[in-house]
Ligand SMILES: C[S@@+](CC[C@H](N)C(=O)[O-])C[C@H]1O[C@@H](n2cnc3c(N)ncnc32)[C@H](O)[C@@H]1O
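In structure tokens, the next block holds one chain alone, the form predicted on its own.
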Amino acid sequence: MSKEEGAIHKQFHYFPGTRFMGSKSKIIDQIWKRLNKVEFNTVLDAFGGSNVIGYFLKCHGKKVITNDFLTFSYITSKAIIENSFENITEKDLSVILKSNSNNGFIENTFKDIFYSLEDIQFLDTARQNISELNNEYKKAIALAALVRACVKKRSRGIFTFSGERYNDGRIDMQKTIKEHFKESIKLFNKAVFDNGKKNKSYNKRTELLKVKADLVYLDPPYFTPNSDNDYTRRYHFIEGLVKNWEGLIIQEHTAVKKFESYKSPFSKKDTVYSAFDQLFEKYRNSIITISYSSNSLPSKGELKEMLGKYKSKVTVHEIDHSYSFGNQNHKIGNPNNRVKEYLFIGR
């Protein structure tokens, strides 16, 4: 490993990851092995998700533009990809942790659903104090750290069920959200660095985004008849937390107090094909790369043919990686639910 490669590896090591559905953290090196053979200086990560791809490419000196329609994903990107200098200081942290007279919205709405009373009272306090920070990047770091703390303290990292039926006793479940938050602040501070480029983060529907880049990386929700790809349903609590539930109508009759899922053309069979085609046409002047799975629609052959309408050369790499697509209890360990990861590159 060269000195430069060592520096990149060291910086990427600071990425504050969590268990996020569809994250490419375990296969990032294999994806880079293919992308590294393509010449590009700017990249659009159009479905940022966990932001591991965007952060990895920032470490490699690329100008990175990220986007995600989930606000909590956008906030994480803003904190460590768009942001190059700002950190949360000890003074900032003391402001965030100070007692206040808040309206108790989280306690009143989510009591006895996901966390202990101590944890949700902390969330009420911290969320109000964070809203009073006047620096957009400090606010982004604080919110991203709060999101990470909530995910770390949550069984399986999702919010589709109440209680702790899947509590496996791991150390993360024994810590308070406040402890996780303070640890996460340190991690996010270390993850902030300047790669010499003016990186940018967006919080829009991908089909409405208007940006240009040498390479466009598409990792949309995978549509499959065997499992849903509803990210809002899995992560509604942290999405609401970042938005402070502004503009969201909580469905009070639901056990977990979710809100209506964001609509995506990638969530239905009758719209997923046209959604891909529209993106291919939109970015026909860029190198187009796609991560997709073997049990999803469009199929491998269909995607290759569709991309071939706009690109003269399309290659498909099968990443040596299998994972469980669903996260419901009856699907975990099911050999019929094992899939392969494909990486399409259209030039």
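Position 1 is the first residue in the sequence shown; the rest follow in order. From a predicted model like this one, the values you see are computed outputs, not experimental measurements.
There is also a form predicted together with the ligand; it is not shown, and the following applies to it.
- Of the candidate stretches 50-58, 280-288, 310-318, 34-42, only 50-58 has residues whose heavy atoms lie within 4.5 Å of the ligand in the model of the complex.
- Relative to the ligand in the model of the complex, residues 107, 121 and 237 are all farther than 4.5 Å at every heavy atom.
- Within this chain, residue 199 is remote from the site of the ligand in the model of the complex, having no heavy atom within 4.5 Å.
- A residue is said to contact a partner when one of its heavy atoms sits within 4.5 Å of a partner heavy atom; residue 204 meets this definition for the ligand in the model of the complex.
- Although the partner is absent here, residue 21 lies within 4.5 Å of the ligand in the model of the complex, judged by heavy atoms.
- Contact check for residue 223: every heavy atom lies farther than 4.5 Å from the ligand in the model of the complex.
- Of the residues 114, 188, 181, 231, just one reaches the ligand in the model of the complex with a heavy atom at 4.5 Å or closer; this is 231.
- Screening 86, 82, 92, 219 for any heavy atom within 4.5 Å of the ligand in the model of the complex leaves a single hit, 219.
- In the model of the complex, the ligand lies within 4.5 angstroms of a heavy atom of only one residue of 243-264, namely 264.
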